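Here we start with a single chain on its own, the form predicted alone, put down as structure tokens.
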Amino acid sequence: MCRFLAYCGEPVFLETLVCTPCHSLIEQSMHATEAKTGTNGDGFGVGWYSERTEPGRYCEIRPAWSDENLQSICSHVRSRLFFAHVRAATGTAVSRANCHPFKAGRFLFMHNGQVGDWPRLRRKVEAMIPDELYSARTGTTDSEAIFLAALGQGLERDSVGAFQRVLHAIRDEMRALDITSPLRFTATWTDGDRIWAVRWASDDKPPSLYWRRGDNGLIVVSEPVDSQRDQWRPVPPGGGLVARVGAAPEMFRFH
């Protein structure tokens, strides 16, 4: 499984969360403590918003701990909203096209989880992507396919409902094929103004997700990036949150 973090609030340098803390995302790429695998070295990505409507993005297939360009970018880029992700591949190729966060227009999306028995389901899930969006399909992951299918389901108008409809359709296909492996979806996405994060799984065992209000804004993480674990609140299974930049998060049920 992968590890990720998302931030929205007062502009800060990316390094304050990605590089500097004692259990930063770069540290988690080597020594994650709440994931199936301790090492997440199959690539990484960062995405950030600045003066433009659409976000910037940098992805690489090298492990996060060995890429000097990542640390340089994070020490110079300051943003009010950014995503970062370190990848542990689950059966698809290690390539830039498969690195999170995924981008479409003004949206960014990151996922930690799995579609059980993905090779059997891939064509059916890709068929959920509308023709006008399929050209944006550059990789082979289940994560990107879910994201594009949700865009086709009205992500811009009904953000939570779009993902729910896609996940329900995938679960129906899994049942029809008698696939017993779980569908797990711990994810976060943004339109550059609001940020959503959810934690859900068909077997009620979704990957971990935490949040806290820091001094400058909201932080959402796969696992805490510092030693102050009592300051972090777990998102319960079947739960989610949404927040605008500078505002307190609102919790909701995701099912």
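Numbers for residues come from their place in the sequence shown, where the first is 1. Keep in mind the model is a prediction, meaning the values are calculated, not measured.
This next part talks about the form predicted together with a further copy of the same chain, which is not shown.
Comparing 186 to 194, 210 to 218, 52 to 60, 224 to 232 against a further copy of the same chain in the predicted bound form, the single stretch with non-hydrogen atoms within 4.5 angstroms of it is 52 to 60.
Contact here is defined as any heavy atom lying within 4.5 Å of a further copy of the same chain in the predicted bound form, and by that definition not a single one of 180, 205 and 244 is a contact residue. Residue contact check for residue 158: none of its heavy atoms lie within 4.5 Å of a further copy of the same chain in the predicted bound form. Though the partner is left out of this view, residue 169 does not reach within 4.5 Å of a further copy of the same chain in the predicted bound form, counting heavy atoms only. a further copy of the same chain is not drawn, but in the predicted bound form it has a heavy atom within 4.5 Å of residue 42. A residue is said to contact a partner when one of its heavy atoms sits within 4.5 Å of a partner heavy atom; residue 122 meets this definition for a further copy of the same chain in the predicted bound form. Residues of 87 to 101 placing a heavy atom within 4.5 Å of a further copy of the same chain in the predicted bound form, in sequence order: 93, 94, 96.
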